[in-house]
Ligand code: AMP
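Presented below, as C-alpha cells, is a lone chain in the form predicted on its own.
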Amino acid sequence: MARVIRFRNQLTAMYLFKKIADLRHHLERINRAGKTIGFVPTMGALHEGHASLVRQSAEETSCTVCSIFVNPTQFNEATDLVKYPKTPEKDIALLLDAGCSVLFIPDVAEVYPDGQRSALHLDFGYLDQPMEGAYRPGHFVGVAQVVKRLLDIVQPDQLFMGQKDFQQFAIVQHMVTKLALSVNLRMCPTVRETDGLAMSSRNMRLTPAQRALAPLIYQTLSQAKANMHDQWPDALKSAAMKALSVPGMEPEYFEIVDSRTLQPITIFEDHDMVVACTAVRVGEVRLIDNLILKTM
C-alpha cells in the first residue's frame, strides 16, 4: 500500500512505498502511460546535494523515484554503519520540496530476500582497486550489488548520481555498460557549501572546530587545478598531501587520475579528462572530494 504525503499546502503529492510489489504496481501504471522514470538512490540523511539530483530528474523525467536504504553490504567499518545519521522527517520534507514523485523506503529483508544477498559477480578490472577500493575493501562490491538490485526493482529510464562520489560513478558506469542495462546514467555536479566544502551526510558529525577546518580539502583541490599548467602531477600530489597534513586532519590519499581508467597520470596532455580525488580524515570523520582538472 502507498502512503500519500503532502507538504504544507502544495497540490502535488509524493507516494511512499515500503514493499517492492506495491512500488512496481504503481510504476507499471506510469510506464503504461508512456511516461519516463528518473531514479535517485540514497542512504538518507539528505542535503542540498541530493535535492539537486531530484530536481534534475524532475526537470527531465515524468516521475522521479528516490530510494532511502542504508545498505549494510557496502560498509566495511561496522561503526560507520551504526553511526550513519538517520533523519526521516527532514528527508521527506526535502524530497517533497525538490519535486520527488515517489519515495521507496524498504527494509533490508525486502531488498535482500533469502537467496538474493550474494555478491554481484562482475570484474571491475582496476576501477575498484585504487583510492576508496584500497581503504574500503569490499565497498564497491556492495555498492554495485545494491544499485543493480534497486535498478531491477525501479527499472528507471535515467539514473542520477553525484560527482562527489566519482569513483562510485565510474564503478556504476562500468556495471551499466558490462551488463548492458537499459538505463541512462547521469553524473550531476557536486553541490558545495559557501566555503567550498562538498555537501555530505557525514558533515553533520563534524564538531564546530572540525567544520571550520574541513574547507581546506576543496581549497587544496582548487590549488592543484590552479597550478596544473606549471607543475607535474606528482609534484601537485606531493604538495596537496603536505597541505592537508595539518593538526586535526589526516589525508589518506590525493590522486590525479584519468577519469575513465582511474589510473594515475604522469602527463596531463596524454589524457582527455583528468580528475583529482582525495580522502581526508577530519577527526574521526572521513570525507571524500574530487575536482575535474581537465576536460576535452
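We number the residues from 1 along the sequence you see. Note that the coordinates shown come from a computational prediction; the quantities given were computed from them, not determined experimentally.
The same protein has a further form, the form predicted together with the named molecule, not shown here; the description that follows concerns it.
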property	result
53, 244, 256, 37 - the one with a heavy atom within 4.5 Å of the named molecule in the predicted complex	53
In the predicted complex, the one of 176, 96, 151, 199 near the named molecule [non-hydrogen atom within 4.5 angstroms]	199
Heavy atom of residue 157 within 4.5 Å of the named molecule in the predicted complex	no
Exercise: residue 30 in contact with the named molecule in the predicted complex, heavy atom 4.5 Å	no
The named molecule contact at residue 26 in the predicted complex, heavy atom, 4.5 Å	no
is_contact(residue 72, the named molecule) in the predicted complex, heavy atom dist at most 4.5 Å	no
Non-hydrogen atom within 4.5 angstroms of the named molecule in the predicted complex for each of 44, 47 and 168	yes
Candidate stretches 206-214, 185-193, 219-227, 102-110, one within 4.5 Å of the named molecule in the predicted complex by heavy atom	185-193
Contacts with the named molecule in the predicted complex, stretch 230-260 (heavy atom within 4.5 Å)	none
